[in-house]
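In the structure tokens that follow, the same protein chain appears in two forms, which are kept apart as structure 1 and structure 2.
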Structure 1
Amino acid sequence: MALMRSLMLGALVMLALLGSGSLLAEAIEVRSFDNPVTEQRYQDLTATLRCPKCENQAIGDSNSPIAADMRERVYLQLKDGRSDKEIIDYMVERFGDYVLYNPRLEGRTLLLWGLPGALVLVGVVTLVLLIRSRRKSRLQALSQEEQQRLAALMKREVGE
């Protein structure tokens, strides 16, 4: 099991290296945790916090010095027994919302979170209205006048 995991991890690392085309990722330090849950939290946090210096990289896979500093802080605070939220707040306090890959739901980001849902809703409503109006027009019975005209037209066509 453990062997399998480390093999897979190795394969992933190789893939990542091939993908990024850099061997620099090796520079990222190894940290030891006495508890696998904390280790998992460390992995998750370093994957969800965005490096402020980089264009689009998590601090977990960036070699920039600031990302290393941030990993260090995450590590120290985890050891200190701080919660994930406290650690994230600590980073946002210094580096701003930019460090969050998932912006928090607040007044400023309401549009960001709400717009996709709202657009889907508008689409569904439009579709329903469209279908209903079509069905209605198909089912609409002809008025007496229209029926007479139709009969006359058909008669003429047959007569020809």
Structure 2
Amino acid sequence: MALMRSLMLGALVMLALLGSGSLLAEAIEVRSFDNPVTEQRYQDLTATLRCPKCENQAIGDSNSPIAADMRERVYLQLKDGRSDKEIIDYMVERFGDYVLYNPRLEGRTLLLWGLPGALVLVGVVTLVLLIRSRRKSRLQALSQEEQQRLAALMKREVGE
């Protein structure tokens, strides 16, 4: 019985240590906003900007120091009354297009945006040409005599 109590106490201590460690690892940021709209804009911006250090993680979800710096800059710019576009432009100017999950439609990103549609179009055209080619080859596979016989059968069915 004493062994069971010791094991349970040890397990509880381990769980408490693991829980406190994970709590310490998370950064606590308290930000105050003038209105809920600005707070929602902050949430949206931090969810749409990608952390340059973390792989495919938004700055709002990342614990890296650079993401914390980016969140701080977003917060300060919102406090200054800048628009979302101005804030995003600032972040792109400072960190590059990588911070955008959806790259802007520009001349240099035209291929990125247009390539999937072009590939689908090429696939559809190829499929149509392949189907036409098979139909044509089936018709050409019949000899002249077979084609005449087929035509006669079709006329007879239509006539009946």
Partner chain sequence: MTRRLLLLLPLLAFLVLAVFLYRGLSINPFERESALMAREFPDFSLSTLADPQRQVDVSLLQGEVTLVNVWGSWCPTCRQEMPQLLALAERGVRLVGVDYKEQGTDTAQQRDKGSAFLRQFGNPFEVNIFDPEGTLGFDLGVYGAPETFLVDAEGVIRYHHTGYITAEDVDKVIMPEVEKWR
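Superpose the two forms; the largest set of C-alphas matching within 1.5 Å is the rigid core. Each residue is numbered by where it sits in the sequence of structure 1, with counting from 1. Remember, predicted model here, so these are calculated numbers, not experimental data.
Comparing the two isolated copies of the chain, the second one is the form predicted alone.
Here Gly117 counts as shifted, since its C-alpha moves by at least 2 Å between the two structures after the core is aligned.
Overlaying the rigid core between the two structures leaves the Cα of Ala152 displaced by 8.7 angstrom.
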